[in-house]
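Let's start with one chain on its own, the form predicted alone, as structure tokens.
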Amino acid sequence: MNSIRFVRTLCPYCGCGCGITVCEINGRYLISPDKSNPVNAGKLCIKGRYLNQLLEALKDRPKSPMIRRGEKFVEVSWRKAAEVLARELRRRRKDSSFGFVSSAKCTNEENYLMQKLCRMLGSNNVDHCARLCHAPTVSALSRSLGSGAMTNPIDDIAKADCIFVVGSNTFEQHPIVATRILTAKDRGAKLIVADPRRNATTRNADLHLQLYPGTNVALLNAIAKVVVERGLYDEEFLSRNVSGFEDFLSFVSALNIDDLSKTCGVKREAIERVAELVSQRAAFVYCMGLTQFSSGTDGVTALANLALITGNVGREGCGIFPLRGQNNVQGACDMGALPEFFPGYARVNEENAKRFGELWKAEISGEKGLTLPEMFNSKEIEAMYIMGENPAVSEANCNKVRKKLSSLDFLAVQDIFFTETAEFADLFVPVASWAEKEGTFTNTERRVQRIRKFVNTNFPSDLEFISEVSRFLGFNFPSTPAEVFSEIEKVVRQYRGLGEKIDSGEAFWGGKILYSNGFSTPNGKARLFKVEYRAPAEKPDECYPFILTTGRVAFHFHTGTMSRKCNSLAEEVNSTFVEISERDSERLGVKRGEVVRVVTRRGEIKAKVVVGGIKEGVIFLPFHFSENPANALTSDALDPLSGIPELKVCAARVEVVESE
């Protein structure tokens, strides 16, 4: 007799949080989009469509933890692995020489326990991949609006009269969000896209602003100046809800639009047209093409300024929409997997350290910890515990990061697959995938959703393993997602009362629309900030005449640890390529498919040429691939406010490789 079971859960890829339905028939799994999930309503992107291949790939992962013995790994039990890790943690207790890396691919409950473990050991050296994507969002929107999160549900994009997309290839990387853009366009809404490349998103645009990478602040300030000069700002909204307008008025009045136009490479006429369009009911959508710069916080601040002066915050059909790249970036930040924030964005200081110390019955440090880039640059860090991240491929200037990983006294890596980072590990712990555990994710719109186990294996979840480690340290953490979420509701103010709403699909922290009744600032008002344009850390010169920028392709996710194991996705794109404009390819004498060498001040890689519609003088590399990794080239210059590396712009040259 056939055994049939249905389970509703979530896709493990991007921050959209799409629902999937799993049908298990005699141990085989059929995955389809969940028509009842309000996020995707029966749709899935190309990566979600091949989740069954990801399940197949899980069969080939290591079956037991492994400890390095010389050049080889020896299998041990999970209990022994927990004991070894606990021993290494205990050795460094309260000396801040241990760095913790949490994960945006893990559940809220797992991230909460990871940061709690770090802090109960006496250090705030805990961070995760938000440092490489949306740290500027937290930094900028927290000070401008009071909270570093998407202001509206993604459905509100469909209700806007104008959608301004900055640095996001939404149609390829967040296609479920793109369906809302198409709905708005069907109603007559205008789509503006600022991006140095021509791609699937710009092909749907009514206006494409093909700017130079790293010049977002110049572009956004120019648009704001036109809004102010033409009286297109919302005076009533500003007087009631916003402080700092007089200073901002003086600031933009002194700007020169022609200079800013030249800097960003966008014509004045286009800038003026954008100012007219965004003064309507507008949705401001952005991703890492706005944040991954040494001026990333300024870029997000400039976008927030534009949304505020046009009155497009705190009401339906408009707002600010940061698109999270991984499935639980929002939740990992909410849980406090950040060195400068405790759970719920309580800033790390002595007062809050005392409060959390009383909650956790431990002595908690009030000193800010190290960010991810700081950990890899610090001589103080002698050991690391990395959960579900792959910095050997994802970090800027990754060859430098690999040297740090290889020099550590002790490295523990906990993941579902044996990654490039695991190759440097002293202890590797294979753990349950999203299909094999319970818990919650918080998607890009602040909606908390449940994941449900549908595959039974012997692998412990990240939560169960952390709990086991805690017991060896005498902490005795809770060991079930329900127990941990109950603690989260008590500790994280934004999550109080959400547990009973999760199964309804309406568990938005802060409500569906933030700031409809005032801003989360001390005086209840948003604030405008003057942000001057600052050039990127590296500019093109005679030796390195190109601007190199990086990003994703539709078929892959982050460092490819999951997507590259799906045969159908790997068949589409499975190696590094470099996109060059038609004029630049002619000038260099290279054609599509030829191999070139891309060189920066940090290293060089080989890549096949793709001739595309990228802005002249700019080249593009995807960062998914471990062989010829793009991040061997990228700049690790940091944004002084958020600590994000300048992954999206550096100086480069392209050399023709002689045929062998």
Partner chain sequence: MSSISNVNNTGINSIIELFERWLKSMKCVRYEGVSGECKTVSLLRKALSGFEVVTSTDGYTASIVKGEALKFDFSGNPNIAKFLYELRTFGLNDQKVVLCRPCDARAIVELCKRNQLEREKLVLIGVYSPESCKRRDYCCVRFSDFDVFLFEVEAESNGKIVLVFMKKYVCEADGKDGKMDVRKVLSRFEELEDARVLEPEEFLKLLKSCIEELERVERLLDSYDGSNSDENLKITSYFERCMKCMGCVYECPICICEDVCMVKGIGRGEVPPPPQFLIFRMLHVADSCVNCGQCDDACCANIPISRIFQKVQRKYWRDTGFVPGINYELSPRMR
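Residue numbers count along the first chain shown, from 1. Just so we're clear, the structure is a prediction, and the values are computed from it rather than from any experiment.
The next section is about a form of this same protein that is not shown, the form predicted in complex with its partner chain.
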**OP:** Choose from 397 to 405, 182 to 190, 462 to 470, 372 to 380 the stretch whose residues reach within 4.5 Å of its partner chain in the predicted bound form, heavy atoms counted.
**Re:** 182 to 190
Original post:
Is the gap between Leu641 and its partner chain in the predicted bound form 4.5 Å or less for some heavy atom pair?
Top reply: no
**OP:** State yes or no: in the predicted bound form, is some non-hydrogen atom of Lys43 no more than 4.5 angstroms from a non-hydrogen atom of its partner chain?
**Re:** yes
**OP:** With heavy atoms only and a cut-off of 4.5 Å, decide whether Val573 touches its partner chain in the predicted bound form.
**Re:** yes
Original post:
Is there a non-hydrogen atom of Lys267 within 4.5 angstroms of a non-hydrogen atom of its partner chain in the predicted bound form?
Top reply: no
Original post:
Within 4.5 Å of its partner chain in the predicted bound form: all of Ile25, Arg28 and Asp34, by heavy atom?
Top reply: yes
**OP:** Have a look at Pro175, Gly148, Pro536, Gly311 for me and say which one sits with a heavy atom within 4.5 Å of its partner chain in the predicted bound form.
**Re:** Pro175
Subject >> Proximity to its partner chain in the predicted bound form, single hit among Arg602, Arg597, Arg49, Arg61 (heavy atom within 4.5 Å) >> reply: Arg49
Original post:
Which residues in 189 to 218 have a heavy atom within 4.5 Å of its partner chain in the predicted bound form?
Top reply: Ala200, Arg203, Asn204
